[in-house]
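Consider the single chain below, provided in structure tokens and representing the form predicted on its own.
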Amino acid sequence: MGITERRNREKLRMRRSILDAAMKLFVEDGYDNVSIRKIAKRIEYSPATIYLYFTDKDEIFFQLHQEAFSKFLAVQKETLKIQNPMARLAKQGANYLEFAQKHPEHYDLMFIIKAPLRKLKTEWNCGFESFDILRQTIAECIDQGHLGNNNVDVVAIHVWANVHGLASLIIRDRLAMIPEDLLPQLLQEVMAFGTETLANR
């Protein structure tokens, strides 16, 4: 391995260490309570080292946010192979819940932790694309007469809000009153109930 390659690997390793430490801190302490100094302390380097890789903590948070959405987007793109739009919509909802359960820290970062996210309006490509996949599916459902004559965006946000609510309850252990072995089937029925309600509206 040459000197240049070794240096590049070291830079990537350091960048990853910063992001991983920041992820833990953002989830544990919240965005407002995390500083560059705190991140530096976690990885046992000086704050000046962090600034060699990121301009501020907002850039770090946004990078983590993008990584999380990239993972989620890859999963949702797989559903586009499903021809029946209602079956595709059901799979997208199931994927959403599964992603939240498998990656609770990423989910917190994406949807729960309060942060300024100034770049979201202009650079949130993965987020926009994942929402467009949902909109596309719902538009097909409406065109085929499955969800009534409803506005696509109204239905998309309604579906998203409902599944997000379920995901938030799950990862915060707020459904402890439901026996664990019954929960998966119950969640499917809850999502199906929401879709049927829209279809009959």
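Given the structure is predicted, the values throughout are model-derived calculations rather than measurements. The numbering used is simple: start at 1 and walk along the sequence shown. By rigid core we mean the largest C-alpha set that fits within 1.5 Å across both forms.
Same protein, other form: the form predicted together with the DNA, not shown, and the subject of what follows.
Proximity of 11, 37 and 49 to the DNA in the predicted complex is complete: all three residues have a non-hydrogen atom within 4.5 angstroms. Proximity of residue 160 to the DNA in the predicted complex: non-hydrogen atoms within 4.5 Å are absent; the residue sits far from the partner. Interface residue remark: residue 56 is counted as part of the site for the DNA in the predicted complex, having a heavy atom within 4.5 Å.
You can rule out all but one of 65-73, 39-47, 134-142, 169-177: in the predicted complex, only 39-47 has residues with a heavy atom within 4.5 Å of the DNA. Taking a 4.5 Å heavy atom cutoff to the DNA in the predicted complex, none of the residues in 139-172 make contact.
Here residue 163 does not count as shifted, since its C-alpha moves by less than 2 Å between the shown form and the other one after the core is aligned. Relative to the superposed rigid core, residue 63 undergoes a CA displacement smaller than 2 Å between the shown form and the other one.
Shown in the overlay between the shown form and the other one, fitted on the rigid core, is a CA shift at residue 53 smaller than 2 Å.
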